[in-house]
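First, one chain by itself: the form predicted alone, in structure tokens.
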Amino acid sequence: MVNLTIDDKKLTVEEGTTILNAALQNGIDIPHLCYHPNLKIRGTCRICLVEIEGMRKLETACSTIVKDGMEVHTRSERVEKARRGVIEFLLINHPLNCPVCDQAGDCDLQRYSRRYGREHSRYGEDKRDFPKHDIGGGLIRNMNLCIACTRCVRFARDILGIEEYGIFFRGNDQQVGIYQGGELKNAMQGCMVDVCPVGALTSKDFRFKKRVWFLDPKPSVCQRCATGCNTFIEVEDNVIYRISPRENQDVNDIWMCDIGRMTYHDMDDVEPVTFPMMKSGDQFFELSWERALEELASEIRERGEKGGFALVIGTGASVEDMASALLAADGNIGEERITFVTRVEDITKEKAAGNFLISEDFSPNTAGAKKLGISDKVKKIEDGINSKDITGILFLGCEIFEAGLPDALDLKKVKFTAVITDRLTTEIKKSAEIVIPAPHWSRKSGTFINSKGILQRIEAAVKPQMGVIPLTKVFADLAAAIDKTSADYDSFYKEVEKRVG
């Protein structure tokens, strides 16, 4: 361990720690722009300069390792003067347009300019003027805002291991750009926006949609694959505006892939299901919850007695959803007729594009299904349909249809199909006799277990739509309808909690 003093505060830190990290670990703020805790140190911006007793020059706190007995001053007049000079230099070409800049409120340079900036610029020459550039994928580059900190370049090169983005020219002509022109192709471009301390790189999906100070970040977990990246779903007035990564060193560090960021668009072009429906001819008509569950319960009773009813659970179900479905199925649907659908995809292309987080298992809760003893028995269900033993199926989740499973199961041979889903797709319209609404993944709470076996709890980020109720209550009511009794919610929920563990 090393003993040192920063601003008259005596500290003890691990050997090899930088002055900047020693200060930050002990609540002492030292401004920094090019430094990022997850990137290699460059020491280019010079805003973290500090004064060290016994050393003639000011030193960068981000790249100077602490020594025993070292005395550091982070707020001396000499340091403050140097920082004012650095900010003045950085603002020579940077436009002072914070009120109309998309990064305002989320910009480190804006924050430090308030502290160290001059009221008037002494620079009388014309500022650089680059056109905004669509660099492909999901990003817009604005070189007028760039301070050449190289965080985006270091992320692409050092974290992704992809040499496609770098620094061109020198001095006043310095720019960041793509080698050999063309478009940016890596699969983690959103992270380049995250590490940018100014607004030089912005996301096409989010830019100028909403000021960041209006957004309420709700902790959640990505539903795109079995990695289970920790996220914030950022909302205002029950509307999702973006998904950003949340730090978890055991799962995703501070990163997430672009596929995960865009998952909230999955309802953009689909018809939501907000009330129970039954098919008559080619058309669906609305019916009450009681009638819908009675119709479904009647089919399960009639076909289940002969082992002719199956339960197919989709990839997006929480552990609570699955436990509730199993409880409702107890004694009515045989264990050999209950399956979880595993969805494995070819991720060769994503891996080549630097997506080091994506899992080939596109089911966010395969481990949760295993915990409850549900395995992939799709082949057995398929055999049962072909032999005409299975004549009715309840699907939990629309992902099953998106994966193309109905063709494999040949639902034309099934006499009754019901789907519990948040959306009415063309395939569901074609196949289902009864459709029951389910909350969208962003509108429900539940437990998911990722591919490492880490149990993660999510809470609803936005309120459920009118008429949509939690699936634990749906299955409690269904179980009661099958048994022709009144629902005992307390007992049902306690049993679900017991199974979830």
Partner chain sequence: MTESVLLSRVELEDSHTLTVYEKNGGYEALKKVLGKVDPEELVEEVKSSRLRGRGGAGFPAGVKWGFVDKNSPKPKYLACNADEGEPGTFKDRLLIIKDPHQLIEGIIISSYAIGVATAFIYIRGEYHNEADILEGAIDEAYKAGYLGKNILGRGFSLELILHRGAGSYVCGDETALMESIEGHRGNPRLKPPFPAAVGLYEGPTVINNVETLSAVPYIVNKGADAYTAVGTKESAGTKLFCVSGNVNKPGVYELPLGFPMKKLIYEVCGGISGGRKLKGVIPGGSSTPILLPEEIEDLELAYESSKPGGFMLGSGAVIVIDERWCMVKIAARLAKFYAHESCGQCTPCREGTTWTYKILKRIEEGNGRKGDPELLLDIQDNILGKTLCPLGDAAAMPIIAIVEKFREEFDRHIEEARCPF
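Numbering follows the first chain given and starts at 1. These numbers come from a predicted model, not from an experiment.
Unshown form predicted in complex with the partner chain; subsequent notes refer to it.
In the model of the complex, at least one heavy atom of residue 126 sits within 4.5 Å of a heavy atom of the partner chain. Contact annotation for residue 213: none of its heavy atoms lies within 4.5 Å of the partner chain in the model of the complex.
Contact annotation: residue 254 falls outside 4.5 Å of the partner chain in the model of the complex, judged by heavy atom distances. Put simply, residue 285 is far from the partner chain in the model of the complex: not one heavy atom of it is within 4.5 Å. Residues 164, 185 and 265 are none of them found to lie within 4.5 Å of the partner chain in the model of the complex, as judged by heavy atom distances. Checking 82, 424, 235, 107 against the partner chain in the model of the complex, a heavy atom within 4.5 Å turns up for just one residue: 82. Residue-level contacts in the model of the complex: of 93, 203, 342, 431, one residue has a heavy atom within 4.5 Å of the partner chain, and it is 93. With the partner chain omitted here, the record of contacts in the model of the complex names 46-54 of 46-54, 459-467, 472-480, 434-442, defined by a heavy atom within 4.5 Å.
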